[in-house]
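Here you get one chain, nothing else, as structure tokens; it is the form predicted on its own.
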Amino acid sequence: MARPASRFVCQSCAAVYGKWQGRCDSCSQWNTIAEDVTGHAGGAVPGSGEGRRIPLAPLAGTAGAPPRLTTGLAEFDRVSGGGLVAGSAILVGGDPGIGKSTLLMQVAGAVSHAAACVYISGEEAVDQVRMRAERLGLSGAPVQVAAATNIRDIAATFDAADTPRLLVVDSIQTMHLDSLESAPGTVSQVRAAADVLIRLAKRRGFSLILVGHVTKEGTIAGPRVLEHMVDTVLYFEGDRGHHFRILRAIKNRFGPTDEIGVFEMTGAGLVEVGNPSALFLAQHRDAVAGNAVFAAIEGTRPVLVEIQALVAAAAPGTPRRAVIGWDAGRLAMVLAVLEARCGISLAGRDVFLNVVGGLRVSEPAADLAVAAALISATLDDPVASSTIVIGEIGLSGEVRSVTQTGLRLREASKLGFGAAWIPARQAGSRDVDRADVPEMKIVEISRLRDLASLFGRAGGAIPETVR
């Protein structure tokens, strides 16, 4: 009998090595490499025996829209692209305790009234799942529940004609395949378990939702393995200090990426937030120095968020730069451009930047709003509470146009904003139609120096203390 071959796999990035070593050369993590017994000799190639011919089809042809199973939760359906596609696999990741199991229990409860649904828990007993369902008011939902971790048992149960329309597995890291000697949660077990479940879902035509734990860096464990195997990757994120959660699509073969759904965490579970802009701006009333409102685009949805900046005297030593919800490297760039192009030097002062509500903003269109908040905090001159700021800043101090400006302005107009600072319109650009927002006062900015001149000091004069 051939002796099982051994290899060593990084549990963080799935890199393979011939022998053990302390540090992974691929992801630079320490003590993440573990032995993985593949079950075949080094010279044998799995699946190298006799095969069968696969059917070929022409590229030309007609294909109807894939049938979708709507969950009844509008925010979840928005993020998934309009509902669950038959035979699709969805991976939901998030920090421990953020509410992944609560969300999926509510999804299962909503789906079960229209289609058969099964919830398998590898972390809780059946009675514990029932207690959570009772707390969420779902004890009467026709959801079938099981506590299991053996992939062979799960596959044997659902490899039948009467399979459910939706199968939820919580979580994939607790599942194991007994043909592998590695422990549950390792890269080889996660990959093998997910592969069996995904193949079963595509063969039987039911929708599969897998829950994935995240690492200390905030990524799903074994990301290069799982994220490439599934059709859709959703991250459930949020700050525990806030009462709302954001479901974000990172990958979606059947819908738009970077789409978000907003939920509010309550004692009775998650409640959908149909107008997230109103939620993020709930405390935005009076004009305060250092605050600016930015209209972001999350997928297909415009979301208005408040950006706060604080500039304070620094203690002796290196000034602090603290950023929450934005890229720290981009903040350093904006500070450098402010000093080089506008004469505003903050090199000797502490700078704090915060995106209110815990939302993570990544698009460059927030540059101008960040600059406005910094200038406002430096000059102690507030931006009007009814003004939104949109624009990307270049290294030479120019303000560049951004996409979907018209959509951003229309959303701001609906919420009662009466003015907007936006990039100067480029020749031939029709993104902004003034007829759509006739009540808004639009100020076009072509240079960053023009932004400083909009504040109360004549000509944008900068005090000597900050030059």
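Each residue number is its position in the shown sequence, starting from 1. Values in this document were obtained by computation on a predicted structure and should not be read as measured data.
Absent from the display: the form predicted in complex with a small molecule. The rest refers to it.
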For this session: Go through S112, S182, T232, S101 and name the one with a heavy atom inside 4.5 Å of the small molecule in the predicted bound form.
Result: S101
For this session: Would you kindly say which of R321, K251, R330, R132 lies with a heavy atom within 4.5 Å of the small molecule in the predicted bound form?
Result: R132
For this session: Have a look at 349-357, 309-317, 262-270, 161-169 and name the one stretch with heavy atoms inside 4.5 Å of the small molecule in the predicted bound form.
Result: 262-270
Exercise. A89, D178 and K202: each with a heavy atom within 4.5 Å of the small molecule in the predicted bound form?
Worked result: no
Exercise. Do L136 and the small molecule come within 4.5 Å of each other in the predicted bound form, heavy atoms counted?
Worked result: yes
Exercise. Might P142 be said to contact the small molecule in the predicted bound form, defining contact as any heavy atom within 4.5 Å?
Worked result: no
Exercise. Contact between R78 and the small molecule in the predicted bound form at 4.5 Å, heavy atoms?
Worked result: no
Problem set entry | Distance check, R191 to the small molecule in the predicted bound form, heavy atom within 4.5 Å | no
